[in-house]
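One chain comes next, on its own, written as structure tokens: the form predicted alone.
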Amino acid sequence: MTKTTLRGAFAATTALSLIASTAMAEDYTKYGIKADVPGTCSFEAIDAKDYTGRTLNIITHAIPVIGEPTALHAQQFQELTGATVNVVHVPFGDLFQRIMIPFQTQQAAYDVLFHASLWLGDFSPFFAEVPAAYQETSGMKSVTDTYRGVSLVDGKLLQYPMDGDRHYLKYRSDVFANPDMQAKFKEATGRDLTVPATWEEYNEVAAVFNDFDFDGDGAPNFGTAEVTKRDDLMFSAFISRVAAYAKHPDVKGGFFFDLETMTPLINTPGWVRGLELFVAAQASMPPGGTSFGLGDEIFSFGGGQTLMSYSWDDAFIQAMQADSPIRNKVAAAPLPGAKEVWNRTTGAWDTFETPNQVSYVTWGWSSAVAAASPNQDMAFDYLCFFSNEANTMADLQIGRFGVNPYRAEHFDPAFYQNDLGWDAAVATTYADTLKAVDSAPNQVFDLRVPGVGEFMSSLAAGVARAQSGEATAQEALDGVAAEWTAIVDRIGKDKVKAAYANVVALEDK
């Protein structure tokens, strides 16, 4: 198909140096793509489209995380189809309102929207359902049930999956395997050094190796790096610590609320135990670690400063970058568990010989097409192209892009070993951990209800009170529970309950 010369400049609020020459399908190699993968939205298939004279408007996160691949694939799409593609980049703190305000004022400001998936409860009335033809593509069919479930509302696929996120444990495998470090731990605790199976063990290991040069580089190392800054996703780190104590494998019907009554559960004993251990771990953090944001956690563990951390993939990928001082000296494992788990049905603690481990599938990025968009055909083509097999495999190799595994083929250790050059042992622990999270029998998902921002802000504020010593764990969470009840009443109990039922369905499957 003959294409006209591109019209206009590629518009974005943040400039990128991107290739501007006219592209054809066979030119994919200039983007670092080794080979096109045949399919509905391959380079070749999208090259056959002609959107000359039409404009696609996209809103996304600031560069680099998600914002950079959005712009890159927008440039590719523009060159292949002749469309004019405008990309607006917005800082995370402003992104929710920049998307919501046009919805509320009935303006079709954007065709494509990249956003945090936990906002689905607020945004779902304004999203177009993914058409059946796109749900039948090979890329969509390989999305795992877990990450497809994150995009569903009442059985309708309202988000276009393009990322998969979860929390898991990262640790310095070289330290755990070092005989001198094993002897140090045995002398301090009387037991062998093992990868933490419980959060009590995690805190114990972190304490032994805190403020100690365990890698011999002349600088002190520390026990744990965690996201502790109140307004920087700290609530997710806290939920990871709580889940093992509060998500009983045999108790259904809600983790954040009792689904039947919508009574908040966040001040029950399992939640309190998790907060107490979260607070106690502060003693084993680096200087400034009690106010670490996500970026601090990524570079503290990924740069070799700390022995352990847990959150999203970014810290692990940072550690495995080609220039990392700890490349191939790290390993992954599921989150630690708990041997005592609160049973809210019986009102008592149950003891487990094998620790109760709970996988936390936490928010992550997603995308959607606005129901009011006059360009839904072009918008869905763009999202399908963004996430085609060739683009996704390239994006997974760039840590700053923020695109993480979400398809079955992404859990194959051969990809990380052969394509990225990871040692076999590292690739195996990583892939096995991701598979374990995806298939775990006991999982926790984000709240994803209307007003989720208010709920999480309240939770983070309460946890911060306990961290600072202003309140006990119980007092802090009692205050949060009271605020959550008020938020539910203000939004409407039935409205919140209906949305929360979708979350509970995922957890109780």
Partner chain sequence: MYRQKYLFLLPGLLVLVAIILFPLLFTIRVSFSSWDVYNPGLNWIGGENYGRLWEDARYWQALGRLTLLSVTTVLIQYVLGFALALMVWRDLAARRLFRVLFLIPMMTTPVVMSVLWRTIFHESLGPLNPILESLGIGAAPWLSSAGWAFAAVVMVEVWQWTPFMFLLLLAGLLSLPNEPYLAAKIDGAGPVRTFFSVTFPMLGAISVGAILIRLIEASKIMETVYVLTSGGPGTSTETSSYYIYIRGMRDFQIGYSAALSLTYLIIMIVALTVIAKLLVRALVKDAA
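Positions refer to the first chain, counted from 1. It should be emphasised that the depicted structure is a prediction, and the values quoted were computed from it without experimental measurement.
Omitted here: the form predicted in complex with the partner chain. The next part is about that form.
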Review point. Would the partner chain be touched by all three of G149, L152 and N442 in the model of the complex, meaning a heavy atom each within 4.5 Å?
Key: no
Review point. T428 near the partner chain in the model of the complex, any heavy atom under 4.5 Å?
Key: no
Point to revise | 4.5 Å heavy atom contact, S468 and the partner chain in the model of the complex | key: yes
Review point. R230 near the partner chain in the model of the complex, any heavy atom under 4.5 Å?
Key: yes
Review point. Could you tell me if T362 has a non-hydrogen atom within 4.5 Å of the partner chain in the model of the complex?
Key: no
Check your understanding: Okay, which stretch from 468-476, 46-54, 62-70, 28-36 lines the partner chain in the model of the complex, with non-hydrogen atoms inside 4.5 Å?
Key -> 468-476
Practice item. Check each of S324, Q397, S291, N178 and return the one that places a heavy atom within 4.5 angstroms of the partner chain in the model of the complex. Key: S291
Study note, to complete from the structure: Answer key, the partner chain contact in the model of the complex at 4.5 Å (heavy atoms) among G218, G93, G347, P374: the residue is G93
Point to revise | in the model of the complex: members of 188-208 within 4.5 Å of the partner chain, any heavy atom | key: none
